[in-house]
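Next comes just one chain, in structure tokens: the form predicted on its own.
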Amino acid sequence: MEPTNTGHPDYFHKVVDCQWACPAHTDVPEYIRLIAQGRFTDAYLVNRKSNVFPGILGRVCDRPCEPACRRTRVEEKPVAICRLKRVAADQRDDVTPLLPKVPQLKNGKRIACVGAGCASLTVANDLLPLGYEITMFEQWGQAGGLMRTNIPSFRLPAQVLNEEIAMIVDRGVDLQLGARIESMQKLLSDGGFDAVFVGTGAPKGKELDLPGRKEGTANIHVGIDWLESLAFGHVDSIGKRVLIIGVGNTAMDCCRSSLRLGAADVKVMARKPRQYFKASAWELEDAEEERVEIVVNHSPRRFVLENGRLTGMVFDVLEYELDAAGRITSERVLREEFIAADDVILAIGQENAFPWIERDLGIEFDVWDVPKVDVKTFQSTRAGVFFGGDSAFGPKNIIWAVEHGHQAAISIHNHCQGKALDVRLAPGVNLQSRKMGMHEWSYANDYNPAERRLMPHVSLKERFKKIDIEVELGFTAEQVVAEVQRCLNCDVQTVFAAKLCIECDACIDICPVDCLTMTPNGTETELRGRLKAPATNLTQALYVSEPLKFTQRVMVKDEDLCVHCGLCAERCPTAAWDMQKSTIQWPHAVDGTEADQKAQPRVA
């Protein structure tokens, strides 16, 4: 094998599994270390640089980082990455003076953002410091998009939402509330904008066209519409027996909200077994803690009405056969079953809806009536019109929408400056030694066996008294101290200098996980076959050094096994091993724009 190119930004980025899994590339280990030092404001700013909404995402992020966490390789549960993000947000000082400055003199370019959700707000966050004028159109009376309308206040308090939105809007966004855009053509022709960003989400809930649907419409609700009505105070009650159809995160919000409106018996009806659920594991746990019953293998068949009023639903009870990989190979109906209900909430998915975009503007739509959007630039087939978040590629989650906003902002800047949209700064990586002395490092490298801390919750008796009581209380100071020590510092890399190695085997002898091997070079298959410990994860690359000077062997490290303890560097008598912090530079619109800004005329 050729020597590993550790200068390629993806190499060390992939080693920091949590950061690699995060769509916005948040520097997770760095902010956890800052929290460990009590530097909550600094930790918040590290978060905000990439994910924009640390307080919001510290409560409701879908947490793609946590399943990837390397801690799960030494024990079952990952570091509580998301909840530590909330710690930084809850304990920070005022960060307003520390945010990027917005120039008083603008660059003469005007951008329209349709929808005031997380993607549009990210675009504004990135473009305001570059001198762009942002006008944001929101159909409702408050900004926030689905963060406002689809996430209940017992999970995301309005105060947290308002504070983080204000950090963007108050810096110069012309926010027009109650301003529903009815015509893209009119916006393009009359608005005087240099670019338009569409961040309207996926605002249409999927229907369930079954017998009895139309007749029972008074007590059959579409989930996202019902949550929206709840958020704006248009709904304040529901029947005692409630069925939720679907088992995604929206379904979890619907069932828990129903309990707070007075429902006594709430069932979530799932068509498939539990391993196929779309809802996050922690959302399911929270719902079941509140005594929501989750019923599997029930497929809706028809709504049942008596004297014009809904009384329940009939379901097909299904049985599945699975293969060895857990895939469904067949299904059969065992019987029908009636389940009583006073109200039914449909939470079976969301779709994009663009009735306000005329079809003769050069914006092409696919067979599903979704705009064709470039996956790299986020531009539609009409130059200057961009999409992001759920409106671009369908429902995902907030952190994906944030990264869409970052990338769309780069494209909008390039478009307005007359540059090619696909010419973008490449990611980079910086390495800095953590060495403080001969065998001392400026990070804690002891393995802490502490188990994951449990989040304190408001008691079941208290949490249902009002709909806006936040259920999760946040970690205590003692819990924070314990949880931060569980991070394995995966961004502090073991960096090897082959020219200093004397091949004494000290590092190999001391490695607690046997991730190091010195062996003659060969093909990847050959090297993997000679490793001291078997390589079980073939998706993560091997590190292969240059030939060692005495025997021409190579040092091989299985990055999948390494826990970054630093013992190899402590033991090495020649300092061939060093512990170096890897910082991934993921470009945003502000990066590399100084020359562009100097070339632009300034207008008052």
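Every value quoted in this text rests on a predicted model; they were computed, and no experiment measured them. Numbers follow the displayed sequence, beginning with 1.
Here the subject shifts to the form predicted together with a small molecule, a form of this protein not shown in this document.
Q: Under a 4.5 angstroms heavy atom criterion, identify the one residue in V79, V268, A341, V114 near the small molecule in the predicted bound form.
A: Of V79, V268, A341, V114, the residue with a heavy atom within 4.5 Å of the small molecule in the predicted bound form is V114.
Q: Tell me, out of I151, V169, I363, C416, which residue has a non-hydrogen atom within 4.5 angstroms of the small molecule in the predicted bound form.
A: Checked against the cut-off, the match is I151.
Q: Decide whether A179 counts as a contact residue for the small molecule in the predicted bound form under a heavy atom distance cut-off of 4.5 Å.
A: Looking in the predicted bound form, residue contacts with the small molecule include A179, since a heavy atom lies within 4.5 Å.
Q: Is I35 close enough to the small molecule in the predicted bound form to count, meaning some heavy atom within 4.5 Å?
A: Contact with the small molecule, no.
Q: Using a 4.5 angstroms cut-off on non-hydrogen atoms, would F393 count as touching the small molecule in the predicted bound form?
A: Although the small molecule is absent here, F393 would stay clear of it in the predicted bound form, with no heavy atoms inside 4.5 Å.
Q: Give a yes/no on whether T381 approaches the small molecule to within 4.5 Å in the predicted bound form, heavy atoms considered.
A: Residue-level check for T381: no, no contact with the small molecule.
Q: Taking a heavy atom within 4.5 Å as contact, would all three of G216, F277 and R301 count as contacting the small molecule in the predicted bound form?
A: Not a single listed residue reaches the small molecule in the predicted bound form, so no.
Q: Just one of 458 to 466, 304 to 312, 115 to 123, 371 to 379 has residues with a heavy atom within 4.5 Å of the small molecule in the predicted bound form, so point it out.
A: Residues of 115 to 123 come within 4.5 Å of the partner.
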